[in-house]
Ligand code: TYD
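Before any questions on binding or motion, here is one chain by itself as structure tokens, the form predicted on its own.
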Amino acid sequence: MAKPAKSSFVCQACGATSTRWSGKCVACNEWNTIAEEANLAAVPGSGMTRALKGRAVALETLDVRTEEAPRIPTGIAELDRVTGGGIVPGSAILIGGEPGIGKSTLLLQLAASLANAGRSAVYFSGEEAAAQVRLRAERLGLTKSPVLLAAETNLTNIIATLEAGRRPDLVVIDSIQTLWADALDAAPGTVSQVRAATQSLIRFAKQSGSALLLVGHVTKDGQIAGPKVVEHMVDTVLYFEGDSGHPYRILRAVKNRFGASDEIGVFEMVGHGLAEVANPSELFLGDRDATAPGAAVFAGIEGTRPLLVEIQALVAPSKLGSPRRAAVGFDQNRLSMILAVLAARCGVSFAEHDVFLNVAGGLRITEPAADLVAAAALLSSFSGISLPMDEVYAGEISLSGAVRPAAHMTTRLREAQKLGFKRAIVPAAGELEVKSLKLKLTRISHLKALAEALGPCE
């Protein structure tokens, strides 16, 4: 009988394993990401030890009535919105974001808010010394909060500390890539270490009922570093987004087992930490210039929250053989599609022009309903005709040039009406509660109607 291999080769980008080393991973096609890792004993507390004989588990039917999961209010309204009403005890939350975006600041404010409300919060820092965390707490005015703090990266010590004292309501690990287990002969941050640490901590959270909040590093592509299985193991995945040139931060839920996904919370980085933004629509509209062409307002929706944001376009003659196409906060592929539809269906060609598209305020828009407003901004900049300041747009564009309806259109237009907008350009199809709206609606079925109003059309 062959003996099991003492080591395996694991891709540090996707977590795929192989029996031999190679320069390129066959699973994700990344180069120089495969590293040798030893196959040692299971990590204590991970539940991965092999039993000689299993035990039968109790089986249940689907008609058993289950109470709704209780929640712990965080005291931060925007965070409660993203998590679905608060943090569920025993749940595991993974939060990722660019370095310096404000992850540690938000988590320290969260821990202090729960501690001030009489709950137990433990903060383990693996990247900063305890003195550094205290300095941040002093800048945020949180030194009086009874948060329990430790600078520790050994997984066994962390588990032992949590099991020894009173069960904490919240456990913060900053960050999961810094932890290491004695039983694994691998460097901190490798796939095996991250997977083992995450599984051990989640197992503790499920057994004890403590809420677990993990901080994850991100790669250059903006994805959480480490094996993708970590995101499958946790209950909620949050991404902290923002532009270093803007003080605004977006906390976006991309996975949530206890609430709606794609919900967002809006924060502003100020001197005393992260402050909540009650009305983000006014924030993202900002100071607008009525005379400048190429600016249009999008009536969007993020999760359950209607959100108005300005889309800015610049179309300039190009002397390059291949004109530039750049988008910030907008999908580059959708921009290329809109330009192609305008050229093929409306006779407006941008082949000799550089095209730049920007979402004001550092917000990132992913929904297809922004197609119409992007086309309006592009046509406005191309023709030099300024769009009305009191007009909003929403609608999806198909490859045929048809304008398709977007979901929750009435909710979008009510938000626009509340902020003082008077007119809306919307798809001809789709139902609207016209009686509750005082906006002047212009319903179009094809993009050609918009092109004819803003520029030449063949």
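All values derive from a computational prediction rather than experimental measurement. From 1 onward, residues are counted along the sequence shown.
The same protein also exists as the form predicted together with this ligand; that form is not shown, yet it is the one meant from here on.
Enquirer: Please identify, from 73-81, 373-381, 324-332, 92-100, the stretch that has a heavy atom within 4.5 Å of this ligand in the model of the complex.
Expert: Selected range: 92-100.
Enquirer: Please run the contact check for Gly273 against this ligand in the model of the complex: heavy atoms, 4.5 angstroms, yes or no?
Expert: So Gly273 counts as contacting this ligand.
Enquirer: Lys206: heavy atom within 4.5 Å of this ligand in the model of the complex?
Expert: Answer no; every heavy atom of Lys206 is more than 4.5 Å from this ligand in the model of the complex.
Enquirer: Wondering, does Lys144 line up within 4.5 Å of this ligand in the model of the complex on heavy atoms?
Expert: Although this ligand is absent here, Lys144 would stay clear of it in the model of the complex, with no heavy atoms inside 4.5 Å.
Enquirer: Does any part of Thr190 reach within 4.5 Å of this ligand in the model of the complex? Heavy atoms only, please.
Expert: No.
Enquirer: Tell me, which of Ser113, Ser104, Thr161, Thr178 has a heavy atom within 4.5 angstroms of this ligand in the model of the complex?
Expert: Going through each option in turn, the one that passes is Ser104.
Enquirer: Looking at Leu314, Leu285, Met269, Val133, which is the one with a non-hydrogen atom within 4.5 Å of this ligand in the model of the complex?
Expert: So the residue touching this ligand in the model of the complex, by this definition, is Met269.
Enquirer: Can you name the residues of 121-156 that have a non-hydrogen atom within 4.5 angstroms of this ligand in the model of the complex?
Expert: Those in contact are Arg136, Arg139, Leu140.
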